[in-house]
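Taking the form predicted on its own, here's one chain by itself in structure tokens.
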């Protein structure tokens, strides 16, 4: 591995290169002139993820056509072999104009990272760029950054390391179709291949530049004794221009600008500034010190409630149940999006098993596919509708300009816990699902705040844990007032622990006493663009499918194996499985809560099942009690006292949310150590708090009697 990574930084004048260079390097380590020129050369150092990155600032140019000393310096340094990659800056406020240099560099080399600068200014001007689509078109990593606000810097450095280490980069240079010129380009390429000239340059790019009449390249070839190659290409160029009556150079420039224009049309959206007085009234309310915070919370709560209702039926199912319409509540749950997905994969699993058995497949293969792979994929897709809906709601709120104002109004509250107002998003999302809540940490400008959110939001009770809470509370507390107090107190404990974890992480681990600054560009409130909302929603959602989805499927298969196999091989009774053995091994811990005998290992086994999905915890307890009883009867059969039930419920809510959340933590931190430490911290916190509640309750009961 190289001791340091060298990055050449290229960009048009006034693209924000000097500002970004300063932010990336902190200070300039070396200033000199490029050899044999009066053109200034600046270098700076940055350490990131244990690697040293040396940034070399190239002269500001509009092209690499070698028509000036600056262009010659920039181009020849790129192909010199010294830089590991080229960082090309593109102005987000003028992408159509500044993409041209990036395209030229991509034609020369595939080891390129594109930084879209001035992202804050672009947003305030209503300019939106579809980053993923631009990456696809250019076949190079693209990162949105703002040097002034500090956004995207971490992602940019991560991307630079990934490209330098070969994890991300184009397999070949960018290829633009130059229409009628293509046969002549191929002819010159063939000539260059025979002579093996200037191997440091891409052969197609070299052919194009020679056809353009690049004087610098012609001089280099003549210096190497290849005057015949120059003469042949000159003769070919003159013959082409005579026969076509068209300038090759003009055709190439026009084709390249047309290519850039076609990309911009697909990836750039400009939203006109609003003029309706209604938007001004909304803006005034959102920034009001008294009305702003509750109004912002109400907007977020309404958006997420709608998302949960569509995906799981909650809270409509609770509302219908409370007014005596239990059948309607069941229908709402059954025909919600996640309910339909689960039902579909249940049918698919059963049909697949029938087909495989009929085909004579071994029983273990049938079980692996029908009970491991298919349910694993199903669990991923059951998360997917909620993630899509939540991100769609967030995209509407963010693109409309309402989101930044909510963050500003909540900033003072979150500052008390070492966070900025932007933390409101992941904390609210966490009430529905911890997976997108962890992913939402990416919105943090500061690395420390991002990690604070990653380790704290898993404590926020998600909708799956709400199911567990409701099941236990309705089983062990008969009076509505006690049920309500139990639910409210558990949510309060969980949310306070999440906020306290964030504050402790900042103060103790990062040793920072001040909260992060809230740096936001606040655009005017306007109608969101459907196209932009779709971009943002799909981009976030597909990242979940690609990354977290794979890990969730693998963990689901691992869970199936634990429950399907025991020391003697495949088990008929789940109580003989490795999972049950593991449950019995940890059941002595439940003696701390006064729970022993059969109920101890059954509860421990249910806790293990809850790692796959919290809903499985209740289902497992019902199965362990014979499967023919109601959920309430199954829970009561555990023989717990109300104090034991409440204490264990606190533990169930606070310990590891699910494998999907663990997968999200690992993918966001890229650290197995951080993921394991987070898991141990969650389990330890859950035990300490729940046992404290249990023994304090015992003491109060003892004193009372």
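Just so you know, these numbers come straight off a predicted model, no measurement behind them. Positions refer to the first chain, counted from 1.
Here the subject shifts to the form predicted in complex with a small molecule, a form of this protein not shown in this document.
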query: Contact label in the predicted bound form: residue 14 to the small molecule, heavy atom within 4.5 Å; finding: yes
query: Residue 589, heavy atom within 4.5 angstroms of the small molecule in the predicted bound form; finding: no
query: 4.5 angstroms heavy atom contact with the small molecule in the predicted bound form for residue 692; finding: no
query: Residue 397, heavy atom within 4.5 angstroms of the small molecule in the predicted bound form; finding: no
query: Region of this chain that lies against the small molecule in the predicted bound form, out of 486 to 494, 113 to 121, 69 to 77, 424 to 432 [heavy atom, 4.5 Å]; finding: 113 to 121
query: Contact assignment for the small molecule in the predicted bound form, among 580, 147, 300, 105, heavy atom within 4.5 Å; finding: 147
query: The single option of 130, 526, 203, 251 touching the small molecule in the predicted bound form, heavy atom within 4.5 Å; finding: 526
